[in-house]
Ligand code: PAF
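Encoded as structure tokens, the following chain is the form predicted alone, with no partner shown.
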Amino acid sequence: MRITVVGAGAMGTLVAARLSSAITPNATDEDDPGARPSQVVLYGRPSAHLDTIARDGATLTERDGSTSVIRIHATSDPAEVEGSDLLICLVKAWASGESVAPLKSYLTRDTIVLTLQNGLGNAAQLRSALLHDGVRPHVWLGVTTQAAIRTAPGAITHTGSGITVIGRKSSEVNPRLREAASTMTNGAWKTAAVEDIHRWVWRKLAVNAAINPITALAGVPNRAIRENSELQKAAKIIASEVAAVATARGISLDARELIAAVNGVAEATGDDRSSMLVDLEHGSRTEIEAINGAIVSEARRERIPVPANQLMTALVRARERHQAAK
């Protein structure tokens, strides 16, 4: 299977590194399809990070502290994604459409585009941006709780292991979905093909909504959600609001389950700083609109009050505007 990873951030680089390490030399798509990737391309905008990887490979530090250098075919040339069977999108939610638009003439109806991004609305943006001459590739949904950080140009650290699931807009788990899950399992990390992907997306949404803005605004690592009683209360309120909206949308999620998931991720990622905290520290655009902002929009349609998510959205927006005005 020929795979392109779109987005040369920490997570995109991690996935590309894992998959590149698993390439079967001289393999073709007819040789045990689904077992191993036959080609991997890391596609991203021009940057010192991408240039370093293209020239020297990616330096990957594992959770146990061990380090390796992995050769990755890294490029900013859209033409080099041509022939991809699977395209994995790992850019920021707000960049979904603009990141893949240059690729649309190089993909076909048979290409699978998989979003492993945070938040809601990514699949719709990808479908719209990839429409070309009346044809667009299949767009599937995915969720991962793996975590990584970029420490220097060309260098990343794997900071947290977790679950990865993928699914289709419909509930059917077809052979191509199983094949993609098998390839990712053998190439990157264990991945399951599921029927209830929308439930998984909302579960991850609740975790992001409860951890990211709280840690970003408080300026604390993820573990503070478990250790600080006031932050724990705030996280519970946010997660409970997400459960109410999901239930109204026909997705069965229990508030207690979501709170347990939030606490589990906060504990597993420990001293990690959320991506939203890092974005605010760097003066970068956050994913607040695709996370808490999306919850507010969905709640408005269902006429459900979500004051905690509204507050988080407003406060992070204010921080973004303040930093942009500096």
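The structure displayed is predicted, hence computed values, not measured ones. Residues carry their position along the shown sequence, with the first being 1.
A second form of this protein, the form predicted in complex with ligand PAF, is not displayed here; the remarks below concern that form.
- Stretch-level contact check against ligand PAF in the model of the complex with heavy atoms at 4.5 Å: of 293-301, 272-280, 61-69, 44-52, the positive one is 272-280.
- Although the partner is absent from the chain shown here, none of T286, V316 and Q323 has a heavy atom within 4.5 Å of ligand PAF in the model of the complex.
- By the criterion of a heavy atom within 4.5 Å, M184 is excluded from the residues contacting ligand PAF in the model of the complex.
- Using a 4.5 angstroms limit between non-hydrogen atoms, K204 touches ligand PAF in the model of the complex.
- Using a 4.5 Å cutoff between non-hydrogen atoms, V265 counts as a contact of ligand PAF in the model of the complex.
- Shown alone here, S84 lies farther than 4.5 Å from ligand PAF in the model of the complex, counting heavy atoms only.
- Checking I211, A74, I88, A239 against ligand PAF in the model of the complex, a heavy atom within 4.5 Å turns up for just one residue: I211.
- Proximity to ligand PAF in the model of the complex, defined as a heavy atom within 4.5 Å, singles out one entry of T111, T191, N222, S99, which is N222.
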